[in-house]
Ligand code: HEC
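In structure tokens, the next block holds one chain alone, the form predicted on its own.
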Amino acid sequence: MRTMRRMGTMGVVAVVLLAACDSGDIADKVYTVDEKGYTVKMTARMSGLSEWEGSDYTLAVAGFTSESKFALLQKALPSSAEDGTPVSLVLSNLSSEVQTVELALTNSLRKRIITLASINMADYADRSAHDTILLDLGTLDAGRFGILQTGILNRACIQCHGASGRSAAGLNLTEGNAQANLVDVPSARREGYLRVESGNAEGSLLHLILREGGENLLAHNHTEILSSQFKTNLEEVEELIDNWIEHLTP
């Protein structure tokens, strides 16, 4: 549903888009547009940001062109922010090259690893305007597993593992259930394997079924399922999953 309202002589337009991710964590997005230029302001109440401190990854508000996986510009969220406290971050000076502004996890080269929320700048035809776009993400778990839940499991996995009461192999990957059903839990389909072995990515069944040859380990080809959702960043997603497993304490 879209609601528009024009206000005053500056031609300010307020656009409210009602959109939610599968988990329901991401709140409605409110866009405030006037006629002078582009700025994006992200607000959220986050937890888990400290888990990325000192890592090779950065959670950031970033601007991307349509031709590159590398951010044209970005601002990192503060890893020092205390859990549950409001976080606000402004990304300004957006040129016409920027096609999307995203809450994204990037690597040390500013390469997009995974996108958690996105604004399509093509929705705003007047590039000469000064637009303040407010992206309110509500409450968001931004820790290592929280990012996996929002960015990967909710997008590619819960359709078979938890949504609408379906739980293939007795594995529920919905929010609040996934980690307990994965970590150091024996596989119900492959004897002798743990679904996820803490600190050992290469020994985990989750790692194996997402690599070449993994299609023979279980009845369904999980790499094919994952690649259907992550066509351009499958390798990065697989590495992110491994990174989470390696940081688990046995």
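Quick note: we count residues from 1 along the sequence shown, nothing fancier. Here the structure is a predicted model, which is why all the values come from computation and not from measurement.
Below: the form predicted together with the named molecule, not depicted.
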Practice task
Would you please decide whether Gln159 lies within 4.5 angstroms of the named molecule in the predicted bound form, comparing each non-hydrogen atom pair?
Solution key: yes
Handout entry: Interface membership of Leu153, the named molecule in the predicted bound form, 4.5 Å heavy atom rule
Key = yes
Practice task
Report whether the minimum heavy atom distance between Met121 and the named molecule in the predicted bound form is within 4.5 Å.
Solution key: no
Problem - Leu72 within 4.5 Å of the named molecule in the predicted bound form, heavy atoms - result: no
Problem - Listed residue that, although the named molecule is not shown, lies within 4.5 Å of it in the predicted bound form (heavy atoms), from Val183, Ala44, Ala60, Leu206 - result: Leu206
Completion exercise
Checked Leu135, Leu171, Leu116, Ala81 for heavy atoms within 4.5 Å of the named molecule in the predicted bound form; positive is Leu171
Problem - Residues in 190 to 205 close to the named molecule in the predicted bound form, defined by a heavy atom within 4.5 Å, in order - result: Arg190, Arg195, Leu205
